[in-house]
Ligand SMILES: NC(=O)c1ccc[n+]([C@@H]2O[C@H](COP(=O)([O-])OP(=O)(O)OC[C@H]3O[C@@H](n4cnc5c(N)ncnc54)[C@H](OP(=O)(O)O)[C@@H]3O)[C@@H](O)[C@H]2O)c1
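Shown below, as structure tokens, is a lone chain in the form predicted on its own; questions about how it binds or moves come after it.
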Amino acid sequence: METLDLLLDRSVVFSFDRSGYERHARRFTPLPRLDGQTALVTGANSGLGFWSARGLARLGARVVLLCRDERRGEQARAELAAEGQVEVQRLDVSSLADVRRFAATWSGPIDVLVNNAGVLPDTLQRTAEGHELTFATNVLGPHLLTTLLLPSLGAGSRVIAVSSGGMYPVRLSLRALQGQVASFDGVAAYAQTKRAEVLLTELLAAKHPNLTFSAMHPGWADTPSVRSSLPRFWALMKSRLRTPEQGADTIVWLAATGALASGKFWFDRREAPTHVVPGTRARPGDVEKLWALVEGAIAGR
């Protein structure tokens, strides 16, 4: 059985799809309670964020939905009201100014921070602060949010970055991250940000050993963003896609399970490789340049 599982996992299709989740879930065990803990989830009004919030609330955590659209956030809160203590606060992670506003208003300890919000635009767009939208939403905003909330993250708190298996074919490109390309490709830009998230998770883990930083990928899940941003992929694979709840499972597990090694990449409750395609490891010095780029961008340099 283990040999068959290994062969199916190497196929990608039969690992990232619903059958892969169902096969992997045979080894899953019940999760401990999170009573008395506070969890923040960005992009929590739909998709993986919504189902992560539901899973955390069901385990007893106080869950704060951080949503760009407060009306949609309230709709999600109403749907989750029966699950436990759920609140809504407005936050647009693509805006560094709004991240600073939110962080300045936050008080109290945070046990879990899920950086889930993300975008995949099909055209090159820049924020009011001049950053390429995918980079701003998926990388800069979450990094600034994490940095500003460090005083509220006590020893043992967990920070989870929701990445994507779509990062596997790409090598980090600092120019592409910033939208400095001859022709913009939304899928390629998204993959670059997801690669960057994993590298930043490793760097943050080294810089803050008292916290647990994790990155994960959800496999291929049927979420509203997949339907709208990848319509051809969705039409081709819709019968094989995971449910959003299945895609969010590892997020909830990372928040609730016992002690974890920090700085790792996870898939279906197991550590996963960060590189499976030859030639995708960062060039010498590029990881350090990524840190400098992100820190400089959030500092306005």
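In this text, residue numbers run from 1 along the sequence as written. Computed from a predicted model, the values in this text were never measured in an experiment.
A second form of this protein, the form predicted together with the named molecule, is not displayed here; the remarks below concern that form.
Give a yes/no on whether residue 39 approaches the named molecule to within 4.5 Å in the predicted complex, heavy atoms considered.
-> Residue-level check for residue 39: no, no contact with the named molecule.
Is residue 240 one of the residues lying within 4.5 Å of the named molecule in the predicted complex, judged by heavy atom distances?
-> Although the named molecule is absent here, residue 240 would stay clear of it in the predicted complex, with no heavy atoms inside 4.5 Å.
Any of the heavy atoms of residue 47 lying within 4.5 Å of the named molecule in the predicted complex?
-> Heavy-atom contact with the named molecule at 4.5 Å: present for residue 47.
Indicate whether the named molecule has at least one heavy atom within 4.5 Å of a heavy atom of residue 72 in the predicted complex.
-> Answer yes; at least one heavy atom of residue 72 falls within 4.5 Å of the named molecule in the predicted complex.
Pick from 89-97, 148-156, 103-111, 177-185: which stretch has a heavy atom within 4.5 Å of the named molecule in the predicted complex?
-> In short, 89-97.
Work out which of 209, 130, 224, 231 lies within 4.5 Å of the named molecule in the predicted complex, going by heavy atoms.
-> None of the other options qualify; the answer is 224.
Position in contact with the named molecule when the complex is considered in the predicted complex, options 117, 191, 80, 144, heavy atoms within 4.5 Å | Selected option: 117.
Does any residue in 200-222 get within 4.5 Å of the named molecule in the predicted complex, counting heavy atoms only, and if so which ones?
-> Heavy-atom contacts within 4.5 Å come from 218, 219, 220, 221.
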